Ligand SMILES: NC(=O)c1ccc[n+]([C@@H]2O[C@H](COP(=O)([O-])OP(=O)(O)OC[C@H]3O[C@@H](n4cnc5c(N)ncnc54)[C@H](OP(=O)(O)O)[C@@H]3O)[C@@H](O)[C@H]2O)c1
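Here we start with a single chain on its own, the form predicted alone, put down as structure tokens.
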């Protein structure tokens, strides 16, 4: 697929999931699929599938593995339905040529399916017998951003799990469109130079990925990585807007003060779970800050913190008189390296405040969404300069 044109439209959270041998192979060259995961890890994958809105695989994976891509646990499917979601996530495949077997299990199991293809590929797919309502032509050529925008805007996909194959994973990482990599390392060596590998050659702009969790699962190891490419943490998603709107709502809960801002904050894990929320002067503490209140509710050893995002209606403070550590330092000390805010701190109480600068100097990505500024200012209208 071609490199994406840069636009400001929101995209799904893209989670890459794969299992490899110690020498980086996805499979061997034998007639049967090489099983790399353990039974417990297959159950973990099932849990992740149950948490997402859609699962995507490339056309090559459908041809080679004929996967069903189902949530196998009846309890997890029931929980999805109880939450008002479809029993199964949307199943997505991408093929420029449209040359796919209409008898593949992908088309005949689970719930709704989508084939993202070119105009030419759409005609070919329909000619092969793939249902017309499944085929989505995206123009004369495919690019990943157009595909992701379609899934977000037209299919309501907020969290997308990508299960392969290697070409798909490679392109999403190279084009800086992946938000997370969940990699399982299996204790075996394939040793065949012709065996398929997870990542192909090409230019990767991101440098070192950031390890946010490692965990033994029976005899395999799960490692979760986040990209550290310049600007990777600054990409804005619909989820960012949702959580920042909530932070602005929390600011309205603050007891009014003439000597401090009213601020709301939410801490959200990379997988979309809310870890904690807080607001200024919460619990009757007259000097409590929102980010401080939220972080205090989380175990400092929680492995989700390094991959989390702090959403704050106001830029985290760089200096304060009421406590030894300002919120920008508390955030960095917790291991969080991404902050989304609505409003830069004015000089009302601390001239020259620059919490964003402190965060950036500590290696955190800082995103400001000015469309939320008026909502963040509303609970502070009684303050001069707010």
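Positions refer to the first chain, counted from 1. In this text, all values refer to a predicted model and were calculated from it rather than measured experimentally.
Missing here is the form predicted together with the named molecule; even so, the following discussion is about that form.
**Q** Go through 101-109, 237-245, 164-172, 261-269 and give me the stretch that gets within 4.5 Å of the named molecule in the predicted complex, heavy atoms only.
**A** Only one stretch qualifies here: 164-172.
**Q** 72, 97, 257, 214: which sits within 4.5 Å of the named molecule in the predicted complex by any heavy atom?
**A** It is 97 that has a heavy atom within 4.5 Å of the partner.
**Q** Heavy atom within 4.5 Å of the named molecule in the predicted complex: which of 16, 376, 11, 19 fits that? Just give me the one.
**A** In short, 19.
**Q** Would the named molecule be touched by all three of 24, 192 and 200 in the predicted complex, meaning a heavy atom each within 4.5 Å?
**A** No: none of 24, 192 and 200 comes within 4.5 Å of the named molecule in the predicted complex.
**Q** Although the named molecule is absent from this view, report whether residue 144 comes within 4.5 Å of it in the predicted complex, heavy atoms only.
**A** Within the cut-off, so yes.
**Q** Would residue 36 count as a contact of the named molecule in the predicted complex, using a 4.5 angstroms cut-off between non-hydrogen atoms?
**A** Yes.
**Q** Hey, in the predicted complex, does residue 137 get a heavy atom within 4.5 angstroms of the named molecule?
**A** Taking the distances in the predicted complex, the answer for residue 137 is no, it never comes within 4.5 Å of the named molecule.
**Q** Given that the partner is absent here, does residue 306 sit within 4.5 Å of the named molecule in the predicted complex, heavy atoms only?
**A** No, no contact at 4.5 Å.
**Q** Mind listing which residues of 62-78 have a heavy atom within 4.5 Å of the named molecule in the predicted complex?
**A** 63, 64, 65, in sequence order.
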